[in-house]
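Take a look at this single chain in structure tokens; it is the form predicted on its own.
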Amino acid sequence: MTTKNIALKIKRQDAPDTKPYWQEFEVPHRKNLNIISCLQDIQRGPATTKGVTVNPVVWECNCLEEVCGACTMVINGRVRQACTALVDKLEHPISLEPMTKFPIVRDLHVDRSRMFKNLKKVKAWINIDGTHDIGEGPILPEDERAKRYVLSECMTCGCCLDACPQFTSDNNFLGAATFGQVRLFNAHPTGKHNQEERLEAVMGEGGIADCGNAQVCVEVCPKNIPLTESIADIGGQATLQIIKNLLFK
């Protein structure tokens, strides 16, 4: 695509309790332009295609290299990262919308704090007793290290949750990203000491039993994390935990 101008249709909302509306913008075409660059151009001169000066569009971004997960939005109907969405590879005009499953802050900016609260629910971290030298940690086999590294690439972007039919704004479903992190930390030599606590969390309300196995999470994950494998794995772990609870508690 080598047009002189890039046309963008952006769904905007001035506040969480106001109605959304659409505005159209144009920015000059440049080689290797991404969506973040387009939004920055609009920010420098916030005027619609009709020449009306408006408030700059609000969005989030940070790393600009698909690591932080902050710039997630719906681009041409598909949830993805704006930093890696190259203009020349998109259908035109380009439509930009906020994520649909998280509370709107303003325009393309949503509140993803629910994701981080869910990670707290399942204790998605490794407990450290102290800072003193306790020697080298266990050496992991390469195949195990490779599996865990893929899971560690999750950037809490929310793509999997926005696409998931089970994850809605009015329920407590934890979602694929959380289950993936439970799998990661349960597999860690130190983290597995808290495995039972994590499994009890995912066996409760909004947990693994609520997953409908739609499998769209793995289709939209920008890091190609094997989320459906994680869901199956955690489902198996939860089943064993239930049996353990029945036999020993």
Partner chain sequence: MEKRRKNFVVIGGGLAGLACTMKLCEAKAQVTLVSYQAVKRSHSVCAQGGINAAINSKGEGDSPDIHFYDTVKGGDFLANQPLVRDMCFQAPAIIHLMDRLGVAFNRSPEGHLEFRRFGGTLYSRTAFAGATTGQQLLYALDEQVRRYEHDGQVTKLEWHEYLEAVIDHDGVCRGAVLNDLRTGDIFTVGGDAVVLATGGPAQVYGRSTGSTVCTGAAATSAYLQGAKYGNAEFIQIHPTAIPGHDKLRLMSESARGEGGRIWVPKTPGDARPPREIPEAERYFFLEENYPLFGNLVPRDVASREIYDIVFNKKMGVAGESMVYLDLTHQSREFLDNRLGGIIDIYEKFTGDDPREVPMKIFPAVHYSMGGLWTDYQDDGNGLIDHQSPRNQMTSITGLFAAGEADYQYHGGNRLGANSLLSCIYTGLMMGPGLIQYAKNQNKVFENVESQVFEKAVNKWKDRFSKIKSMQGRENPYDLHQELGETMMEHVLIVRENAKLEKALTLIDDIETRFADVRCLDTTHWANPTPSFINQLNAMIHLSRIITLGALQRNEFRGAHYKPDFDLKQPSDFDPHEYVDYMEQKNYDEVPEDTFPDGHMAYMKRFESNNEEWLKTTIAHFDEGKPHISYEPVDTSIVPPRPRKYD
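Residue numbers count along the first chain shown, from 1. Just so it is clear, the structure is predicted and the values come from calculations on it, not from any experiment.
This next part talks about the form predicted in complex with its partner chain, which is not shown.
At a distance of at most 4.5 angstroms from its partner chain in the predicted bound form, none of the three residues Asn5, Glu24 and Asp210 contributes a non-hydrogen atom. Proximity to its partner chain in the predicted bound form, defined as a heavy atom within 4.5 Å, holds among Ala187, Ala70, Ala214, Met203 only for Ala70. Mapping the unseen interface onto this chain, Asn76 falls outside it, with no heavy atom inside 4.5 Å of its partner chain in the predicted bound form. By the criterion of a heavy atom within 4.5 Å, Glu153 is counted among the residues contacting its partner chain in the predicted bound form. Contact check for Gly137: a non-hydrogen atom falls within 4.5 Å of its partner chain in the predicted bound form. Remark: Thr48 does not count among the residues lining its partner chain in the predicted bound form, judged by a heavy atom distance of 4.5 Å or less.
Contacts with its partner chain in the predicted bound form, taken as any heavy atom within 4.5 Å, map within 35 to 50 to Ile36, Ser37, Gln40, Gln43, Arg44, Gly45, Pro46.
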